[in-house]
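Only one chain comes next, encoded as structure tokens, the form predicted on its own.
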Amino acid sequence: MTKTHNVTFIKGDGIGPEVTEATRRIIDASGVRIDWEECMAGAEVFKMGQPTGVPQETIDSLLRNKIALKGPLETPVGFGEKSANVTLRKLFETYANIRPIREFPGVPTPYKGRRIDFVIVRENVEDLYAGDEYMQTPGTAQTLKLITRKGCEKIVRMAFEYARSEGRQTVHCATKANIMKFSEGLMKHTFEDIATEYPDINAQHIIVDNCAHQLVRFPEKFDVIVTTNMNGDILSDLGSGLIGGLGFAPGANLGNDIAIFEAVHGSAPKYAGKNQINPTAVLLSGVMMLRYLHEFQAADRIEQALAVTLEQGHFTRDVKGSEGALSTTDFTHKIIDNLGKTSNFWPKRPHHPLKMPNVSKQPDLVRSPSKVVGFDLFVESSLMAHELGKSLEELVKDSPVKLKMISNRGVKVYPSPGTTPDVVDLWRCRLMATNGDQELSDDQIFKTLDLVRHKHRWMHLEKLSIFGDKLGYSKAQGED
């Protein structure tokens, strides 16, 4: 008698009930014993007045079961506040988004026969997706890109552990560290530090735009790609395009305590109830779930049955078009009929239990002596650069700081570099301690701010720190 697993089952919106039900039927037919606990989330919950789209009953179910299979959820226009999908991921700190990209037999793509088989491991919580946005002026928006050592360490360790669990040999870390040297650079440096603990795996850093370029030219060269949230979002959709579209793109959201398995695609409401949708993406998400539960034999049986079904030329309308395509139900029956058969195209990959990363829960993973040596004051002003610069210099002439420079949209504009870049009404004014070895106190910063605020409207302030012997701030283009 095999173990019975308790799984929270969220059918989802739009096409969700059709593809999740197909997946449930196939998993049940494989012989795995699962007690499916059906719960609600998404559109219907929003309409009931729950602003997050996730009722407490669903939260309690996940806390009990620790694992969920869910369909796509929508955020209807006029209802709710945040995406219910994002709410679930963040509520349970499912910090790792795993997206396998693999060629399928019989599915026509420009890359047919290239044997594409790689996995994108995407950080799933922070970066620009933290959602900290502000309108600094009526015409200038700001989003904070938050990258932490803790977030980088967790996702990097997950990538190496996932590679080991599937017998993969190479992990690429894709960043934009050549431009965002602190935020994306933190991912790069963390990757390089942790790679030394995995000598059995080839670790390589790659600039993310080059990674996209290489994915289009030589996708078969990649094995595992680990990256930050925004980069991963873009690259994983690119990856699904290489193998036939989002109908073949499974996904998993993994945390230390909770795992949520779902397809990459959306709810496609215009196709809801038509019994036409390809369930492969959700089915393979279910296969990932089975491996997470250590049900490796059942996972392999389903994966092989799917491959055999495709080899036999059975497809849904997204692959074959309307003529001769199978319904969702008939496609599901074909897969169930093929359980126990082995694909000639799709060899079995060795799978081992995934070892979840162990990263300290302390808020401060990195400690270093720091000193505040200045601050950037962001000012809203319709003055031109030389007028604002002269005004600020006069205002702070008797204070412990001096105006070093003013930048606009990242480019130094005062003192004038001799060029005339286009400017907007948000200015970054860099004020440094008059004595370079002096540390500025909060009182000194507040007093300087008090001198400025009577004449200029300030928007926000960023302290400029030195950590040990390293600058904790970037320089503007053209700044000394």
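In case it trips you up, residue 1 is the first one in the sequence shown, and so on. Every value quoted in this text rests on a predicted model; they were computed, and no experiment measured them.
The protein also exists as the form predicted together with a small molecule; that form is not presented, and the subsequent description refers to it.
The listed set Asn408, Thr137, Ser183, Thr75 contains one residue whose heavy atoms approach the small molecule in the model of the complex to within 4.5 Å, identified as Thr75. Here is the short version: of Val373, Ile206, Ala203, Ala268, the single residue with a heavy atom within 4.5 Å of the small molecule in the model of the complex is Ala268. Contact check for Thr94: every heavy atom lies farther than 4.5 Å from the small molecule in the model of the complex. Taking non-hydrogen atoms only, Asp127 never approaches the small molecule to within 4.5 angstroms in the model of the complex.
For the chain shown alone, Leu246 is a contact residue for the small molecule in the model of the complex, at least one non-hydrogen atom being within 4.5 angstroms. None of the heavy atoms of Glu123 is located within 4.5 Å of the small molecule in the model of the complex.
Residues Lys11, Ala68 and Glu295 are none of them found to lie within 4.5 Å of the small molecule in the model of the complex, as judged by heavy atom distances. With the small molecule omitted here, the record of contacts in the model of the complex names 274-282 of 167-175, 307-315, 274-282, 343-351, defined by a heavy atom within 4.5 Å.
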